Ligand code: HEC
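Below you will find one chain, with nothing else, as structure tokens; this is the form predicted alone, and questions on how it binds or moves follow later.
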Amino acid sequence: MSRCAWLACAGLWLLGGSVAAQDKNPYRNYNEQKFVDNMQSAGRNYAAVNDFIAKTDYASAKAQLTRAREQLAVTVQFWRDVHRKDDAVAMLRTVLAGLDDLDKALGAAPVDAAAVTARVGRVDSGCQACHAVYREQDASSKAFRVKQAALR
């Protein structure tokens, strides 16, 4: 086989693999259920961060914060690509920046408890701002859900 033919075959093979990999990409078809799952996971992880902070276990809080941030960051797909809600993307980015600031405060030597508390307050405020617009509680089940009217 000539060198050009071999390169062409290799290129087609790689391209085919790339297309197949995209079909397996879990974020390609990001839907509301995936969003809810990520938000619930982020919420549980962030609650654990707060528990560790209350115990002044800053190293564990910092480690848990990484997982909370990871779960929250993925939700940008829902707001940007699925629903095209620039305000929600902006609120999400504000919270992510707040998590980054909290991460820095948790990694300081020594950790300044007042700085950590202030950053937690900013993150909480950012979360609540988004929830006020995009989240509601079901009256019967008491479960939280996405406000469908806000997505239009």
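The shown structure was predicted, so the numbers you read here are calculated from the model rather than taken from an experiment. The first residue of the shown sequence is 1; numbering continues from there.
Just so you know, the form predicted together with the named molecule exists too; it's not on screen, but the next bit is about it.
Enquirer: From the list Thr66, Ser60, Gln40, Asn31, which entry has a heavy atom within 4.5 Å of the named molecule in the predicted complex?
Expert: None of the others qualify; the residue that does is Gln40.
Enquirer: Consider Val95 of the chain shown here, and say whether it contacts the named molecule in the predicted complex, taking contact as heavy atoms within 4.5 Å.
Expert: Contact check for Val95: yes, within 4.5 Å of the named molecule in the predicted complex.
Enquirer: Flag Ala88 as yes or no: does it have a non-hydrogen atom within 4.5 angstroms of any non-hydrogen atom of the named molecule in the predicted complex?
Expert: Yes, Ala88 lies within 4.5 Å of the named molecule in the predicted complex.
Enquirer: Mark Cys127 yes when one of its heavy atoms lies within 4.5 Å of a heavy atom of the named molecule in the predicted complex, and no otherwise.
Expert: Yes - in the predicted complex, heavy atoms of Cys127 and the named molecule come within 4.5 Å of each other.
Enquirer: With heavy atoms only and a cut-off of 4.5 Å, decide whether Ala113 touches the named molecule in the predicted complex.
Expert: So Ala113 does not count as contacting the named molecule.
Enquirer: Scan 126-152 and note down the residues that get a heavy atom within 4.5 Å of the named molecule in the predicted complex; none is a fine answer too.
Expert: Gly126, Cys127, Cys130, His131, Tyr134, Arg135, Phe144, Arg145, Val146 sit within 4.5 Å of the partner.
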